[in-house]
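Below you'll find only one chain, the form predicted alone, shown as structure tokens.
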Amino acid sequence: MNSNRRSFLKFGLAGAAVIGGLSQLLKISPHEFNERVTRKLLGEGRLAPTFARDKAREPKENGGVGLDEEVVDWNLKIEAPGVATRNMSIQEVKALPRVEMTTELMCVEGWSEVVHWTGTPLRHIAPPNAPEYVSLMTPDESYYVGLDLESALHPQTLLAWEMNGQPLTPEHGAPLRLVIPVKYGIKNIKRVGSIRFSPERPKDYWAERGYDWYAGL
């Protein structure tokens, strides 16, 4: 095990112990404690670190749920209460304001990689007065993530179609994926097929399996 990995594990264990102790004092779960702290930081306008373009590398392909079927006639379905459902082609998504950023993709397994992304901020497809939560699903709905609206509308939350200057590969979520560098990789859903704005907290694939629903860094 290399020194970086050992340091990560030591920091993670120590952090978990501190969070566990504080959450007991506050009579809330460690997951809820993590959410309160990271939401406070986001509320203060925190941005994830950015890096020089030449630091970018290809990340692991981790996670294939929702990527089994071939993409045919893909479109992005957008739903919100009181608003007509929209279907956007990839060309229409790419016509939205374009942003490039080089940020770190961090996995709950302990690895990370700096990646250069091209896409459009998710906030450009949000309806006026959007409700509190956002749900994103793959076209077959087998993988899904839930976000609070503040995280979804964060300026670094992108719907990305390029990685390191090249179109996304199927393994990395072509034709469109979510990039949200203020959260762990489990929230960076690949092959987004639908986005739903809702007043109720949506289900989340990994939260159902014991992970933190918020998953903030």
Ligand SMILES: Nc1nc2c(c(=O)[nH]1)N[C@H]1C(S)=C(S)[C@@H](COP(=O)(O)O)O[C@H]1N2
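Start at 1 with the first residue shown and count on from there. Since the structure is predicted, the reported quantities are computational estimates derived from the model, not experimental observations.
What follows is about the form predicted in complex with the named molecule, which we do not show.
> Heavy atoms within 4.5 Å of the named molecule in the predicted complex: which of the stretches 92-100, 70-78, 125-133, 105-113 has them?
Replying inline: Looking at the other structure, the answer is 105-113.
> So in the predicted complex, are Thr50, Ala56 and Pro181 all sitting within 4.5 Å of the named molecule, heavy atoms only?
Replying inline: Contact check failed for every one of Thr50, Ala56 and Pro181.
>> Considering non-hydrogen atoms and a 4.5 Å limit, does the named molecule approach Gly63 in the predicted complex?
In response: Within the cut-off, so yes.
> Going by a heavy atom distance of 4.5 Å, is Ser151 a contact of the named molecule in the predicted complex?
Replying inline: Ser151 lies outside the contact set for the named molecule.
> Using heavy atoms and a 4.5 Å limit, would one call Thr157 a contact residue for the named molecule in the predicted complex?
Replying inline: Result no; Thr157 lies far from the named molecule in the predicted complex.
>> Residue by residue through 135-156, which ones have a non-hydrogen atom no more than 4.5 angstroms from the named molecule in the predicted complex?
In response: Result: Thr138, Tyr143.
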